[in-house]
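One chain comes next, on its own, written as structure tokens: the form predicted alone.
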Amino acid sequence: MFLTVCVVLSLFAVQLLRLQALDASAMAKQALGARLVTAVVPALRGEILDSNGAVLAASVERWDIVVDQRVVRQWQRFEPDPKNPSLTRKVTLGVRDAAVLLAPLLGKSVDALSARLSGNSGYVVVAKAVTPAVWRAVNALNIGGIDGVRTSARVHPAGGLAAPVIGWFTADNRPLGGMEAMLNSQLTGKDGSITYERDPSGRQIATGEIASTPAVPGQNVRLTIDRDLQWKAEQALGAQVKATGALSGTAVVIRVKDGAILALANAPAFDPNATGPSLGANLRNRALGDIYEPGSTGKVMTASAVIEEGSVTPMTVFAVPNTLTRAGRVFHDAEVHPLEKLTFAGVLAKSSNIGTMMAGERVPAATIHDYLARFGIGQPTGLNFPGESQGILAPADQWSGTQRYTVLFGQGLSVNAVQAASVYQTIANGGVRMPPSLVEGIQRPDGTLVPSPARKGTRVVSARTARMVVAMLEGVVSNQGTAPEARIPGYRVAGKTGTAQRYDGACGCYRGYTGSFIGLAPADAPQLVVAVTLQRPVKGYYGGTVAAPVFRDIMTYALQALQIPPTGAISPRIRLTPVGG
């Protein structure tokens, strides 16, 4: 028996020597590994800023509260001893106790939390995206099995302002549209990690070994959008859409010299801070994704082409009949009138379809098509915006007999609102089309800006032709034109109305109208273009009455906000009718 005891004790000694001396390091590592947990530290997404650095979208720290249901069913903590308050005692608690403590912090009922905490799962999310303050309060309770996972949430300080431009996220936090999707690689940071020891209850050991790799936040992106101007455009547009009973509307403000988009308004819009059905059908940017036939605002391209080709001048006289038959179809103007003599400036000012056809047919169809293409019709804008439509412009040799004439007054082709505004930017810029832009650059952590690459302009018509067309467009806002409501006291304004039949894809037919006005100011030294379009208004539909007043409100605000003074020059007198006519 003595020898047996000695052998057993010897075995114990050998095993003890192996554990404490030979395998001590390996065993310690194994024990440490069982206690270590590595968690991802999400990188904050970069901010989206307006042109002045105001925050339009930003990410903030949030926490998901999670539970190990196997631990929380029986957890322990120290409480004051009721018999001797100076002492503490270890108390064993359960699911219901945890639910009672958590309910007021998480804003949930005790019963609902109890159901969530009960089960056999090692990982269940109890509450998502709570604030750091809530997480700290939860963590201070020291409830076994309750832990926090650091996440982030996207917030929009200005609510739904510019939401169709900024974009939105899916329920699983994926960027789905707008700048959030377009610039996702720049905005997305690099996640870090943290490794720590935890006790059997799942709580972090305060003095436990910790290793960490810091997260690298995403880059901040500065847009060309001006927050205040965007707000004004959205307010004015939204009010008019409601007042006219329109289906929808868009407003675009473009800086002439470089094509920068200062405002891009949609109505109705949506609030990216909301979730669920409230996002609904408005979850898109109509100004780039929806296309329509521009109608008479497209006549400026025909005017530019025929003047550039030398076929017509602003003073060329046309005897405009009440109707005109071409390609087996009878065309007419918006209003019945007797034979009237108009200069080409008068044709544009009175928005005569027939007069525009008579001028446009002096130039071959292929030539007209080439000018439309140079203005950017039927081509991507270059913004690379998610969901953008490039519009429709069929090749000239595929035009039907009537389409040869309808394209001259803006039907038989389709554009988006930014393309339509870009046409007028081209004319205002002396005939040079600058590709529109929405991104000013990437902002460094120190606040300095790395500007986006400069865009190269394309000459569409000569500066002489552009000046003539602008002068003609001033006649549109005169008392004899179609948009006197677009005038701004003290400023010279030029622009064009549009009232087009609206194609409705639901019925495959024309139903309702598109009312629009696109203008520029100051006319003799253009700096801004504002394009307003209303789809299917029912309380009035002429562009001069439903869209021109919105143009006036937005342009007036923009001129004042950007401190653009009037030039003081007097508008030229351009005859709309011939001498003695």
Partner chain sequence: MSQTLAAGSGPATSRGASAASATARPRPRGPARAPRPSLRVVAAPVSERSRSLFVGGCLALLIGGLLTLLMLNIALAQGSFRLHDLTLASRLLTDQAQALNEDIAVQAAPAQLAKKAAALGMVPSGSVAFLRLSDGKILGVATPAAAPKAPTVSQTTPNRATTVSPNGATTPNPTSTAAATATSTKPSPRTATAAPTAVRTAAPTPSKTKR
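Numbering follows the first chain given and starts at 1. Remember, predicted model here, so these are calculated numbers, not experimental data. We call the rigid core whatever largest set of C-alpha positions still superposes within 1.5 Å between the two forms.
Keep in mind the form predicted together with its partner chain is missing from the figure; the text below concerns it.
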*Out of the stretches listed (544-552, 525-533, 66-74, 512-520), which one is close to its partner chain in the predicted complex, meaning heavy atoms within 4.5 Å?*
544-552
_Is Tyr491 part of the interface with its partner chain in the predicted complex - any heavy atom within 4.5 Å?_
yes
*Please run the contact check for Asn479 against its partner chain in the predicted complex: heavy atoms, 4.5 angstroms, yes or no?*
yes
*Is Trp231 close enough to touch its partner chain in the predicted complex, meaning at least one heavy atom pair within 4.5 Å?*
yes
*asked:* Taking its partner chain as it sits in the predicted complex, is Pro572 near enough to touch it, meaning that at least one heavy atom pair lies within 4.5 angstroms?
replied: no
*Among the candidate residues Arg404, Arg227, Arg502, Arg374, which is the single one with a non-hydrogen atom no more than 4.5 Å from its partner chain in the predicted complex?*
Arg227
*Sort through Arg116, Lys350, Arg284, Arg433 and report the residue having a heavy atom within 4.5 Å of its partner chain in the predicted complex.*
Lys350
_Residue by residue through 48-67, which ones have a non-hydrogen atom no more than 4.5 angstroms from its partner chain in the predicted complex?_
Val60, Glu61, Arg62
*asked:* When the rigid core is used for the superposition, does Gly148 move between this form and the one not shown (threshold: C-alpha shift of 2 Å or more)?
replied: yes
